[in-house]
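Coming up is one lone chain in structure tokens, specifically the form predicted on its own.
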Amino acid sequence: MRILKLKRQNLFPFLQAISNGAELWGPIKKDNQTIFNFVPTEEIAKLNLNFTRTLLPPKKLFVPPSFIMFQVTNKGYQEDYSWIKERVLFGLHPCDLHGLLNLDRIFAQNFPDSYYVQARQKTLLLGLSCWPDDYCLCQSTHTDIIEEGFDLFFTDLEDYYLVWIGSSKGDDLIRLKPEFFEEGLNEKDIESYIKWRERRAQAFKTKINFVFMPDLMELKYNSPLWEKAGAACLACGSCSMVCPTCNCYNVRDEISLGNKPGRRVREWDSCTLLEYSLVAGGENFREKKSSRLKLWYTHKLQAFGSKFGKPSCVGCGRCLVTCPVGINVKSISDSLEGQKVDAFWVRFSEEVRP
């Protein structure tokens, strides 16, 4: 894998050059807020290089919250790929790139999803290094470093970037502006990178022992903690919406009158919602919030890993900052290990205990 050097002042001109003919998406801060989102922009100067996480993960570009799959008439159906465009997605942190690799395993391997696959093929992925805050868990999930799944990856060493070329498409991008890049790193560059890696590794404050989680999920499958968490859970589905690897969806048909075409719509769903397990006849085999929470964490901490060799959680910390009652992968994992947890759902269960 080739590694080049890019001066800091050349980053935005480079992004401008490679986004001609394609939508440029990147992290932008919402007005007067601390929230960042991946959004399309023509004003490259608005891109923020010092964010920790976006509100929604990049999965929204490849499996949008809602989109039309196809339209149907009495003559047949026509698939709708109109939402898929040529894109350059800049600012992906390692955990989010790992999240997309997990989605690749689901949507692009055994049974390829044509919508997801086409969106992936038309999107260039440009990663960006990051610095952890108090909610980042990616060191525990071994997703703090990325070695695949990107076209280019930029590591910020203050005055310049080290640029990893991860694909032939990435190499083609470099060839558009070769004068911006320097070949051949010197010893000082390498030393700076090593020191940056060491400082970053020491900056992680929040950890989970994911090695234990599959066994603990099995051993504590009937633990009272699920009832405690379920009692406080709002069943809002926010944890699934912000998770980079959650991929459940619902499909519904919209039938129009007057010879107008009907359409099939696909939209995000969540196993933590009451209606998710509702079947014909009104039966709901996961009516209790505790059983739905248990299903979600079984998938994150055990089931996905048993099939694919790595946990579904990529340690991005979004569930930690999103859940209003403190039910997240950190508090649940700590509870499974028998640690004392200071979270609303724990205090709530203690207050309502008879």
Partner chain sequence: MKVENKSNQTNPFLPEPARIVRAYHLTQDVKFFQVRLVDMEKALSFRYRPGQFAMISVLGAGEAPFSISSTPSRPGLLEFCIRKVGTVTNALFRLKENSLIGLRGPYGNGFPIEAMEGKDVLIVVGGLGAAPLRSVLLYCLDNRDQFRRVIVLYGSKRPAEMIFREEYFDLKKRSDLECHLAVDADDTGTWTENIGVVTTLFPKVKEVDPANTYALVCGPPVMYKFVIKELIKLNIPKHQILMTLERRMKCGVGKCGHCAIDYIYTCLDGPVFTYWDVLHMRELI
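Residue numbers count along the first chain shown, from 1. Owing to the predicted nature of the structure, the values given are computational and were not obtained by experimental measurement.
Below, we turn to the form predicted in complex with the partner chain, even though it does not appear here.
Peer 1: Would you please decide whether L157 lies within 4.5 angstroms of the partner chain in the predicted complex, comparing each non-hydrogen atom pair?
Peer 2: L157: no, not in contact with the partner chain in the predicted complex.
Peer 1: Does N328 make contact with the partner chain in the predicted complex, using a 4.5 Å heavy atom cut-off?
Peer 2: Although the partner chain is absent here, N328 would stay clear of it in the predicted complex, with no heavy atoms inside 4.5 Å.
Peer 1: Against the partner chain in the predicted complex, would Y276 count as a contact residue? Criterion: heavy atoms within 4.5 Å.
Peer 2: Judged by the heavy-atom cut-off of 4.5 Å, Y276 is in contact with the partner chain in the predicted complex.
Peer 1: Whether W131 contacts the partner chain in the predicted complex should be assessed with a 4.5 Å heavy atom distance threshold; does it?
Peer 2: No, W131 is distant from the partner.
Peer 1: Taking the partner as it appears in the predicted complex, which of 111-119, 132-140, 191-199, 176-184 has residues with heavy atoms within 4.5 Å of the partner chain?
Peer 2: This holds for exactly one stretch, 111-119.
Peer 1: Heavy atoms within 4.5 Å of the partner chain in the predicted complex is the criterion; list the residues of 239-274 that meet it.
Peer 2: N247, C248, Y249, N250, V251, D253, I255, R264, R266, D269, in sequence order.
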